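Here you'll find one protein chain in two forms, each presented separately as structure tokens under the names structure 1 and structure 2.
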Structure 1
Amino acid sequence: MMDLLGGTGGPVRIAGRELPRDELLGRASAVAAEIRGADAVAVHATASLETVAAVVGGLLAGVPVVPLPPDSGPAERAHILGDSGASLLLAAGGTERSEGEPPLVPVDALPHHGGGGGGEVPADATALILYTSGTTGAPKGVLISRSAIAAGLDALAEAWAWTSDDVLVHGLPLFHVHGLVLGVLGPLRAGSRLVHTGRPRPELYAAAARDDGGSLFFGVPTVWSRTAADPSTAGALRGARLLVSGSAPLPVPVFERLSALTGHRPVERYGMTETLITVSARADGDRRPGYVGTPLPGVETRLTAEDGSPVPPDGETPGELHVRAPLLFKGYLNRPEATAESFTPDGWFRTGDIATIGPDGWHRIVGRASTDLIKSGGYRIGAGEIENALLAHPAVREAAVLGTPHDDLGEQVTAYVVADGVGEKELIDFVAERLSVHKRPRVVHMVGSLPRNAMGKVVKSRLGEL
């Protein structure tokens, strides 16, 4: 365990409740004793101390942890539970559990446990199975090993000069890489204190800066754009050490406004569920608006043209970004073909992001290879999953989904639907209830037909004309 998380460090506070480090580890040990030997366990991943105790308990026991988005509806929950094979559901006592779901382990009501007795867990064992959207179909389980997490967090600690003196502040969800791996396992490994604000609201970040000595702040661009729109809130961050943005492109005007209001040029970093964070600006270096930095220690990157030929790092020519690093995932659970397809024959991971690399090694993300992956508020949303959810409504005959520009969210999920006798709001709520609330379309256009090519395939580039 100590191979992954430090034994000492500051307390963890989530949404106003705080536990000293040793007490948190005590609770996690109780969880570990309860679940040892399981193939995988699911965690109802609310922003809470119970989620942290459950995840750390899984790490102590060497049991893969599957975080469940707490707002996910029946279709998404059933898929994640079924696909992962999780045999227990870890949550606060009293959490609702549906028929057919695994038995509940009440994380906050377990007998105290003396700790120890855990035994060694191999470094390449799966620590987390994170579900993430592809362009088509249901989300895939990304297998993340203990050694990848350790390597990824150490690389960030080095780049951001992150130590036990820091107080990390954020309010991101605890079921993705950003909020969970960087935002919870990061401070547990670095020994720094964690103040999680429950939700990623700028005014809560400002309060943590003022009252808790917050030094290191994590946010998705939507959070920074909301902060930059509120001068007094932004001003409260002047005493911070580092503001870090990631999960989606930070717009250049937001970078500039945030710099002017806080006195900090934000550090932007780039990553993926499958790769953890691979490229970042450094605490002791330059920060450039529109650029995500240089590769972290141990990470190699390259650009490739569509025909597979190398693209020169001239800072101008775009190509698909490929990465190779010890912090990559082990594969997609139960999907050997998808895993194989995501790597080149010579062993590089294809990110699907289009980038340029300058002669000085600075990376710029300029787009994505597929329009079927949407980034909204920093959440990755697959068009196919939303189309399937819409098509499950009895009144819907055809559906096409794409991301359209949105000032606050970067992109918003926009749906074009052919249907009879159903309203836009009903369809939005239908998706919000079956999948996760954040995956719901923000806009639904009712249309007579969808533009199709000679093969019958929807031409998404022509949807805007409707």
Structure 2
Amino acid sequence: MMDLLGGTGGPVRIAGRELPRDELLGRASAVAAEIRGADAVAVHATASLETVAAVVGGLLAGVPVVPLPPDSGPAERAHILGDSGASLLLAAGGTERSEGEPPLVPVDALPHHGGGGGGEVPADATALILYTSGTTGAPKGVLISRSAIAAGLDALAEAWAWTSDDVLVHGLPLFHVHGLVLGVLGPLRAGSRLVHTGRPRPELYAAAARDDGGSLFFGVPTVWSRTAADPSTAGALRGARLLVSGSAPLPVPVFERLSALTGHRPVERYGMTETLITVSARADGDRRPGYVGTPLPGVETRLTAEDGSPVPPDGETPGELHVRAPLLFKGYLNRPEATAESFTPDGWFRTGDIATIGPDGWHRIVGRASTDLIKSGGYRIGAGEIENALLAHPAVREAAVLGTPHDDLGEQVTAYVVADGVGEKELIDFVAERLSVHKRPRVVHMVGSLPRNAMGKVVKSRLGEL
């Protein structure tokens, strides 16, 4: 494991339970001894020390780890277990196991070992099999190598000046890149202390800032929005070194409120399960609301139009973002056709995200090509720009925009808004005053809430249900 994670460092605390680094490695070594030789193992990825020990044990043994969302439904759970070929399920003792699932290994009941991971594991060996959200079909298993994780974490450590002196605080789920790779493997590699708050609640972040000297905080926009809505909680973060936002775009008004209340301009970054983190603002550099920064070391990016022609880096013209880097995934498990389709003939990964790149290299993510690029009356319109314009209205709490069919325009700009004391016409006029008239919403639906997934992203495919 030492080729991937540091050998020394601070303790790990998860939801109030803490282990010194050497004891955690002892528990992980017990896991490694139990699973060595398996083709793959699943981990019931609750926010717990058992999850961390299980994942690290997989790394020690050189066995691919499949994090299993604890809230996954029966069909999704069965698909992940069956598709991955996991032969064992690692979890805390007493965890319920459904009929037909792999045998359960109670992580907390294994005899403790003194550490050590056995033989060398190749750098290109698969470390994790992370499953995508499955918005376009059954979730696909993304094969992530040890070398990709190491390259990605080292690039972030440089960009964020992340060292063993830091105390990382977050409460993110441990089955995604954000919470698991960055939020657990990151501090283990950097040697920094980890305080996982169990859940990503602003009051828990504030307590960790006051009581644990939290210096580096990870959150999704929902966390930061709630933090910015509570001045006393936000004020507790003034002593932090860096606030990092990811997994979804941070609305510009939230960026500005958070900056005013905490004294910190948050760092935004961009990545995917398939790419890890590829673009980020820097600890010692500029941070611009609405932008995700510039490529990390070793990362190349470009924009292409629908016909494959290059899009100029003028900061205005949107195109599909392509990435080439040593931290890309190895492919989709058992899906060679899907893997081949995700790359261009000259070897660039097609992210499916629409972005603009400025002359200075700064990237702005417009949204997903499938839902966030609206083609209306001959114009190409990014949904994110309109969402930020709506969120600038003081009565608007949440906003989501997408294109819906229109007989004349092809698509019309349609907004779903959570707001108090404001009507459709006022919001349409508000946007038209700030953006080009063709970008104004044609229809605004006033709703009680927006559907979101575990990482706080709006699930736009479900907006029609509202």
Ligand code: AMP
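Quick note, the numbers are simply positions in structure 1, starting from 1. Because the structure is a prediction, the values reported are computed rather than measured.
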Mapping for form predicted in complex with the ligand resolves to structure 1
Hinge residue among 163, 38, 407, 370 (rigid parts rotating between the two structures):
370
The number of degrees by which the smaller rigid part pivots relative to the larger between the two structures is 137
